[in-house]
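A single chain comes next, written as structure tokens; it is the form predicted on its own.
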């Protein structure tokens, strides 16, 4: 058996990167947690910022050579304050997960009780219990009690939540923190309806906006800081314009514990090239975010309606399917989520399988759940609108409902994509969205 040389490994990695770009030039990307950045953001990611450290707050670094880093980070903070109307912004967390860890570190102690949606009902792994390996339980030692979900409304049940909270208070387990938000987030959560109840119980209110950050920044979803929350975490690459990074938003009164939890608590190098990308994306969002967010929601509704008319069981039909970028579909009529995901991938339609709220009770597993999840943020960034959503639905119908071989649909999917090669809602787009750029 021959052993590959270092050069062979080198060439193989670079070849895989180029192949990935070629594939995404023809794919229909419908992963709800992904987006495509502008050429300017991609440029920031290649800069020397990625080789530097800037430990500390702006103007208070423990390293020299941070003049331009401080300038960019200050701009990023100012832009995010404007976008989210936040008094305080810490843009240093390197992901949405780390952002949530910052909030846990700043405002809870091991053994405290928190409330959040369970993973099976759209809650994120960062809210998970210890026995599930979730961040809240396994990393920070928190006891997790679940917020009740109304399966029909695909939203938190206000009355049952208030009842469950009162029972926890009576039992001496008043939650230290409650988390609104999730990975399946089609409708605004009832923050305003429940803020007073939680605050009266001495509970801090946190809002994980990871999936809907761009919609909030565009003014088209909800405004959690005005609705009563204490902290908001941001993921900058789902409905936001990328790259992958995180942020914590809050009020000035909470600034110091958040800053301390971020550093020295959870980051050292905070990936400065990515932070520069977030600053550029924030400027793009300030300029184009309202039109973008509005089109994302229009596209989601159009895709939901078109799929529904073609035999898909898109949930929450009575509510227009969604008010965000996300659609949740019960796919059990045609198979399981895992199998459908693979069939669509063969045709170049990239989605993900997803647990339905009732799947575990019905004996289904996350590898082969009853649902699939779709998101329209990336297709919207490429310039697609309602007409193209109908075409996407038809392509999916041919595979899932009609049983056409994926190879037969693949060319039509690539042809649809061929008309949308550049990133929209940005200042400059000379480079194609998935063009492989060599700097060697």
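Positions refer to the first chain, counted from 1. Predicted model, so just to flag it, every value in this text is computed and none were measured.
Beyond what is shown, the protein has a form predicted together with a small molecule; the following relates to that form.
Although the partner is absent here, residue 241 lies well away from the small molecule in the predicted bound form, with no heavy atom inside 4.5 Å. Although the partner is absent here, residue 352 sits far enough away that none of its heavy atoms falls within 4.5 Å of the small molecule in the predicted bound form. Using a 4.5 angstroms threshold between heavy atoms, residue 100 counts as touching the small molecule in the predicted bound form. Residue 211 belongs to the set of residues with a heavy atom inside 4.5 Å of the small molecule in the predicted bound form. This chain lacks the partner; the member of 282, 322, 183, 262 within 4.5 angstroms of the small molecule in the predicted bound form by a non-hydrogen atom is 183. Between the small molecule and the residues 124, 220, 270, 189, the one pair within 4.5 Å by heavy atoms in the predicted bound form involves 124. With the partner omitted here, the stretch from 250-258, 79-87, 192-200, 231-239 that lies within 4.5 Å of the small molecule by heavy atoms in the predicted bound form is 231-239.
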